[in-house]
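Have a look below at one chain only, the form predicted alone, in structure tokens format.
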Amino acid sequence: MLLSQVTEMLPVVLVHGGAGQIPKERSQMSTSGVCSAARSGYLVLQGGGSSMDAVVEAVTQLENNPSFNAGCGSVLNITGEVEMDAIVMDGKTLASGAVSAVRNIANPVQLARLVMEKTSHACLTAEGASKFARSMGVPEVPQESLITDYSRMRWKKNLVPDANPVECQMGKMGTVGAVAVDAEGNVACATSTGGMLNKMEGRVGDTPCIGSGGYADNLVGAVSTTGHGETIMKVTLARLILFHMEQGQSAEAASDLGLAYMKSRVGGIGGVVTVDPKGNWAPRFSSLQMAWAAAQNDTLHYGLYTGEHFTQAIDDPH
């Protein structure tokens, strides 16, 4: 009996579109974006793909969606340019790949996977990452193709001397990420971001750092994080949550403990998506909103505000 229950849990893909405060007129785009990404990742799992295939597919979809702060739609740094970070991690072997401060790449998450699979390194940055991308035949895209009018408007707004950085972050649709468990019980995570609005050139946040932007271990689970990078790094949020799971906490309780510690210790607000190897999952956040969606057992689950949890059949187009 127990075995069939476990089988029913697997597989699952769970995605987030960033923690923050999303303006009303953009929240619908955010919700439909995460739902569509979760569906795509789930199709990969249904087709026999691995959890790594599923999270990369889901995050690629979000990078290609201009509603999110990753890939096309990334926020601009102080000089008005796009610099992006991404990470992937495979729970089976603890293999990981990351890129930071990359510029002319449409899908940093795919480049991060290539770092994991084709090099002996865990992270490549800036020009070195670009050279590696060229050597792998990854096409370069013009920077303009990654910049939206919305990003440019917010960048300009934040340049004025009396700009309130907190207010300017309000329209922030944050970092995107995904976690998954496949039919074999392997877990994986992927996270991708354009970083912080009007950041210094060369600033790297939590996203490409193992244990902060994400972590995956078949023995415990997988986490992808979003929020204020500098505070996430101080508490290595992803690994902290998995530590609580190692102590016997559920995905949901462990996520809440990690987020509460980050808030009380360093005043950080954020959000996470967490899975355990059996396919139990939890989207949790301390911000006002976090668009999230999960696909499991042919059902799509999604929400935006705390306590919100809608469901529909996976093949329902609405």
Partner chain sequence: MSAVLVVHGGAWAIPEELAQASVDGVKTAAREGSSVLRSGGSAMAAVEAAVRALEDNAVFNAGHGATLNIDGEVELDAMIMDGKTLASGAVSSVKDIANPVSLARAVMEKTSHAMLTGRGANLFAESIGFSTVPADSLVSEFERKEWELRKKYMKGVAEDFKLKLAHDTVGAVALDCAGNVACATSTGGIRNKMVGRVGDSPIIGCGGYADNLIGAVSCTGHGESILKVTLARLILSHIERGKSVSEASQLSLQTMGDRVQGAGGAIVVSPSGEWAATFTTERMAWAAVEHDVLWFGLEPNEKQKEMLHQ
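Computed from a predicted structure; not experimentally measured. Residue numbers count along the first chain shown, from 1.
Same protein, other form: the form predicted together with its partner chain, not shown, and the subject of what follows.
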Original post:
Though its partner chain is not shown, can you say which of E140, E117, E184, E246 has a heavy atom within 4.5 Å of it in the model of the complex?
Top reply: E246
**OP:** Choose from 235 to 243, 174 to 182, 140 to 148, 104 to 112 the stretch whose residues reach within 4.5 Å of its partner chain in the model of the complex, heavy atoms counted.
**Re:** 235 to 243
Original post:
Among A251, W281 and H309, does every residue place a heavy atom within 4.5 Å of its partner chain in the model of the complex?
Top reply: no
Original post:
Can M200 be called a contact residue for its partner chain in the model of the complex at 4.5 Å between heavy atoms?
Top reply: yes
Original post:
in the model of the complex, does M153 have a heavy atom within 4.5 Å of its partner chain?
Top reply: no
**OP:** Report whether the minimum heavy atom distance between A95 and its partner chain in the model of the complex is within 4.5 Å.
**Re:** yes
Subject >> Heavy atom of L76 within 4.5 Å of its partner chain in the model of the complex >> reply: no
Subject >> Neighbours of its partner chain in the model of the complex among 63 to 91 [non-hydrogen atom within 4.5 angstroms] >> reply: M89, G91
